[in-house]
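Given next, in structure tokens, is a single chain: the form predicted on its own.
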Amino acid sequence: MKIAIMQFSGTGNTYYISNLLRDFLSTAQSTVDLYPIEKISDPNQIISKCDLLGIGYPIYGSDIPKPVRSLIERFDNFQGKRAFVFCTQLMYSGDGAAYVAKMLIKKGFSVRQLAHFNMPNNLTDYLNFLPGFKPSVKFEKRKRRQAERFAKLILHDRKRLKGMNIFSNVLGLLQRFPFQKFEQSMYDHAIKIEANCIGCGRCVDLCPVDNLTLESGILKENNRCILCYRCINHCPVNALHTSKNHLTKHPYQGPVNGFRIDDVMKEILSERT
């Protein structure tokens, strides 16, 4: 069985879970390819060549990132093609995975498994009052067990539709409605640049949508932000944030010890070539 996982990850949470799933789904009978959503040029070609499609993404106010929505809108109708959906979230999204599942069902997919993975806080400016996350062996073991259970459901084609019910849908709507109402205003020139910026270009290299550029050593914001928080959490001098009133105190460096955001970029770069 050939499995394709299309995932979007800003600060590495969804990327980490995607890799765990790839490990547990890879067997003698199954091969798994991982595709970063923001770099997929022809999703229908990938889908047509796989037996099973997975979609993974972080939750934004019980809604989904722009690149995920844009990708699914480009899908052809794949009547009966099996699919699973998983999302990463800070607390509780209600129907975070079911929301995309319904979009896939409209495209003809047979969605069999849904999962939510609670992950550490990466909104380190707005939620800067929370203590910084410290990776632990206990946390890593817990996520590996959760990913392994989900992978077994997928491999044995056991139906498990997390959040696909009226109660979860209502809870999701209560978060999604205000988020969507103010979404555009949040995206407009979202990144604020402090005077202590050193013009190192780290954020330019990391941004998945070319929102930041250096002009004569001065960092410029191009109003394309998708709120992935990758630049904010990996600025070496904490010069970037999304609100004038909230600065980053404890940058999020990844879910486990030794995690490198550059590994996410290497995966992306491999899709470019």
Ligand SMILES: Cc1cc2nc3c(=O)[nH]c(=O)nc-3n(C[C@H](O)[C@H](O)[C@H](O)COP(=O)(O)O)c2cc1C
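Everything quoted here is computed from the prediction, not taken from an experiment. Heads up: residue numbers just count along the shown sequence, starting at 1.
This protein has a second form, the form predicted in complex with the named molecule, left out of what is shown; the following refers to that one.
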(Q) Using a 4.5 angstroms cut-off on non-hydrogen atoms, would M91 count as touching the named molecule in the model of the complex? (A) yes
Q: State yes or no: in the model of the complex, is some non-hydrogen atom of S168 no more than 4.5 angstroms from a non-hydrogen atom of the named molecule?
A: no
Q: Examine Y229 and determine whether its closest non-hydrogen atom to the named molecule in the model of the complex is within 4.5 angstroms.
A: yes
Q: Classify G61 as contacting or not contacting the named molecule in the model of the complex by the rule of any non-hydrogen atom within 4.5 angstroms, answering yes or no.
A: yes
**Q.** in the model of the complex, segment of 117-125, 69-77, 158-166, 141-149 with a heavy atom within 4.5 Å of the named molecule
**A.** 117-125
